[in-house]
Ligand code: SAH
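Okay, so here's just one chain, in structure tokens, the form predicted on its own.
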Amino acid sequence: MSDAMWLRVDEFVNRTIVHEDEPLKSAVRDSAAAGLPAIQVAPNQGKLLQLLAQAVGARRILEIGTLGGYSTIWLAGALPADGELVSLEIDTKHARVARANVDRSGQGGRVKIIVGPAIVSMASLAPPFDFVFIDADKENIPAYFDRSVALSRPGGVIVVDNVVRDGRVADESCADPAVLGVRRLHEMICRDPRVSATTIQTVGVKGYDGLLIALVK
């Protein structure tokens, strides 16, 4: 199967059942205009996050890695009127762009963006969270995941993005720090009785990668 086929399928899915609205499209445009890297989740992936959060009845969501707020908007759309989303972002410029994007979407009242190193910010958060999305630097991802489990309620779900790395996660000789981070994450989860997890490979507009989905026991 070719990259062109993956793109056509994503375009079809996004056109028919995903329904990316104007605030989401504007968030992508404004993030690009501000010079942010185009590494946000794809529309169908954003919809998946929203559906998973809705499926667990999430009232409190934690996001690690805000970027321009695109996934933040999708996730906030899963919350009830009195729900809360806390998003952690290390880059002040990214947080500023995300704040404007989220506010324009009408979800601003439910979203709190905290600027600073995520692992430091996480130490000040009070549990429980119902859903966690981790989309930050992969070198520190085992620490983010460990703390996320501690902050989650039993039955909560944690999703980690970009864990296949073009298939390099299975390459034991790879020395890329990001790949080593996701390898350590899988090895850590293998020994962690607090969670049950799997990784699903994905293809599409974001290339060849994958998502890790964990259930907190």
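All residue numbers are counted from 1 along the displayed sequence. It should be emphasised that the depicted structure is a prediction, and the values quoted were computed from it without experimental measurement.
If you look for the form predicted in complex with this ligand, you will not find it shown, but the lines that follow are about it.
Find the only residue in I113, V97, A136, L79 having a heavy atom within 4.5 Å of this ligand in the predicted bound form. It is A136 that has a heavy atom within 4.5 Å of the partner.
Of these, V41, L151, V157, V179, which has a heavy atom no more than 4.5 Å from this ligand in the predicted bound form? In short, V41.
Can you tell me if N101 lies within 4.5 angstroms of this ligand in the predicted bound form, counting non-hydrogen atoms only? Output for N101 is no: heavy atoms all beyond 4.5 Å of this ligand.
May I ask you to check whether A118 falls inside a 4.5 Å heavy atom distance of this ligand in the predicted bound form? Looking in the predicted bound form, residue contacts with this ligand include A118, since a heavy atom lies within 4.5 Å.
If we define contact as a non-hydrogen atom of the residue within 4.5 angstroms of the partner, is D91 a contact of this ligand in the predicted bound form? Looking in the predicted bound form, residue contacts with this ligand include D91, since a heavy atom lies within 4.5 Å.
Could you tell me if L67 has a non-hydrogen atom within 4.5 Å of this ligand in the predicted bound form? It does: once this ligand is placed as it appears in the predicted bound form, L67 has a heavy atom within 4.5 Å of it.
Could you tell me which stretch in 169-177, 51-59, 185-193, 33-41 has residues with non-hydrogen atoms within 4.5 Å of this ligand in the predicted bound form? Only one stretch qualifies here: 33-41.
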